[in-house]
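Shown here is one chain on its own, the form predicted on its own, set out as structure tokens.
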Amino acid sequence: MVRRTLPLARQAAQEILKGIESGKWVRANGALPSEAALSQQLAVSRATIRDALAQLEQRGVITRRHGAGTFVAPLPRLDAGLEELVSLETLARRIGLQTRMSQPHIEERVAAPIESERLRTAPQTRVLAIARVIFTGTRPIAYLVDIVPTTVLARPDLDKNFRGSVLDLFLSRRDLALSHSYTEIHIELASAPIARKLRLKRGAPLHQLVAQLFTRDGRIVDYSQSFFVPGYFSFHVIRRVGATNRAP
């Protein structure tokens, strides 16, 4: 049921979007209920539903096919091989997907115990915490948090050219010789704050990557947590057959 405090079409669009994200109104072929069914479900007129669907179509959320109905638009999908260390922005550029970063939340503070442990630094180490949401169009698709010692990265280093990737920033520097990343892969249930940022229900499943970025001399210069909305990302790993299992 929509409320009467905002334009009805906008409210209806929000409710339909919630139904899409939860899967409540999406059939196996991606089709949505008819205008008449949505009108009955939301207790608004069919004209309001048509306006709401027009808004969602303009945002690229749905497509409407004459004589066939209304369908959820195909999701842009990033296929990432975890053997290669590249940023989300680089992956997006490779497939022609346009992304943008929300206004980042940047905070200089003392590292939390788990952050000091992951960075292998002394307690009370000062760090820069950089949190941001990545969008494609109007859709939030990832929430990224990097924790970096201030001896490695200072707030003034994040100038107006920062586009959301700490990795790309590090790769552009000559003073850092990056070696590899140790990455853990989890399925995490969205906490209330992250669910709000990604416009999901609390407890929705997310892909989570927890990573430590190493230099060639063994230092850890970044500890990061990345949360990805399922459906937009596909991760794969290529594993070679061990030498003992190869034919002579």
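The term rigid core refers to the maximal set of C-alpha atoms that superpose within 1.5 Å between the two forms. As the structure is a prediction and not an experimental result, all values here were calculated from the model. From 1 onward, residues are counted along the sequence shown.
Another form exists, predicted together with the DNA; not displayed. Remarks below refer to it.
Each of P7, S34 and V44 places at least one heavy atom within 4.5 Å of the DNA in the predicted complex.
Note on the interface: of 177-185, 63-71, 214-222, 193-201, the segment with non-hydrogen atoms within 4.5 angstroms of the DNA in the predicted complex is 63-71.
Within 4.5 Å of some heavy atom of the DNA in the predicted complex lies at least one heavy atom of R50. Superposition on the rigid core between the shown form and the other one places the CA atom of V221 less than 2 Å from its counterpart. Taking the rigid core as fixed, one finds a CA shift for A68 of 2 Å or more between the shown form and the other one. Shown in the overlay between the shown form and the other one, fitted on the rigid core, is a CA shift at R27 of 2 Å or greater.
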